[in-house]
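The chain that follows stands alone, in the form predicted alone, written as structure tokens.
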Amino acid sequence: MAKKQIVILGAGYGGLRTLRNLQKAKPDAEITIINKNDYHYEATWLHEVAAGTIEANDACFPIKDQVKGATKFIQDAVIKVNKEDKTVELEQHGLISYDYLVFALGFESESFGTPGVDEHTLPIADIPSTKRIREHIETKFSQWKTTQNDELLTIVVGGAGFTGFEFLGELTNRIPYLVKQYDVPREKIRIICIEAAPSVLPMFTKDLANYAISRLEDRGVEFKIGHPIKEATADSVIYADGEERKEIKCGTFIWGAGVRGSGVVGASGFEERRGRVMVNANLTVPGNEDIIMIGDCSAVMDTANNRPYPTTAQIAIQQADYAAANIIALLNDQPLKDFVYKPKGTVCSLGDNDAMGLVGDKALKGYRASVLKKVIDDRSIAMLGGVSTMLKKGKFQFYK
């Protein structure tokens, strides 16, 4: 009898953690993991690559090093899942059959239909996009020397969420180096963050959010809170100030105002909203219990506030543990476990030696929080790539 086929789509936090757990369990089945790149990247480090405070290679490690035994790795882009035929259509390798599927494809940038955003902004979405941001900023600073056009030194960040704050923290750390490298006057550099909502960082207390704002303002960041972005052009951003439309000329416009699940979700005909599927309590897809969906493409309801949990690396890793256990249960015709999320706290980096966050009910600020953030990052690497990878890629330099 042919062995059952387990296919994992995506080698992000959820997919790679599921793979490691399944390989440890050694099921009587063949496992295939599919990813468009031959590397895993730490998505929570993308803001550092974009700002240029770490190199792209620092945030990545090869998938092949995590593929053990009879597991197969296919580097290819997923086009869609054919639920009725139980196949996955790939760009280069055609159709791959599955008996059980773990859908763990990641996120995409979400423009919310704002005119010009897709054409004229730089999203923090993956390794190539972050490399483009770094190169773009450096190019604009280089051009200033010959043009003396101060608008080239204006950087606008759309969105004051987690990604926006972490990028701003790294960028303000990098500015002194850029000033020296390109011989530009620091006082001519403007960094502006525009947010549509009336407040920022709703996952934290008001005190912590205010701390984050004040720390970045001390480094020269200007915040425009409660001002929806209306349009992006090739050299400016237009936002609403009450009934009035205002324009800021800029050399760089970073888009960090939102994400959605992979477009493969919609292409495959799943019932979804912004690329996310409301999954069953055991993480299976309603009507397709041979598919487990985790990470950025899954929506799990938080009964405390009757809203889906935010998509984070923390929840994806926890989902992966349940996904692997439930795949084993499906293979053995055993009951599946319902997913129970156990939040372990959230820490937002504000640069190399500054951060703030909540661990349980305890609020942390400053250097202590930044150390904890590095410990969290190192733990993530160890959980996905093992101790050897953590020792190569981990963040052990607590002082600079």
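All residue numbers refer to positions in the sequence shown, first residue = 1. The shown structure was predicted, so the numbers you read here are calculated from the model rather than taken from an experiment.
One more form of this protein should be noted, the form predicted in complex with a small molecule, which is absent from this view; the next part is about it.
Put simply, of 324, 137, 264, 279 only one has a heavy atom within 4.5 Å of the small molecule in the predicted complex, and it is 264. Taking 107, 141, 100, 253 one by one, only a single residue has any non-hydrogen atom within 4.5 Å of the small molecule in the predicted complex, and it is 107.
Three-residue candidate spot 23, 375 and 395; no residue lies within 4.5 angstroms of the small molecule in the predicted complex by any non-hydrogen atom. The stretch from 355-363, 34-42, 330-338, 51-59 that comes within 4.5 Å of the small molecule in the predicted complex, counting heavy atoms only, is 34-42. Residue contact check for residue 211: none of its heavy atoms lie within 4.5 Å of the small molecule in the predicted complex.
In the predicted complex, none of the heavy atoms of residue 169 sits within 4.5 Å of a heavy atom of the small molecule.
Among residues of the shown chain, residue 124 is one whose heavy atoms approach the small molecule to within 4.5 Å in the predicted complex. Residue 268 falls outside the set of residues with a heavy atom inside 4.5 Å of the small molecule in the predicted complex.
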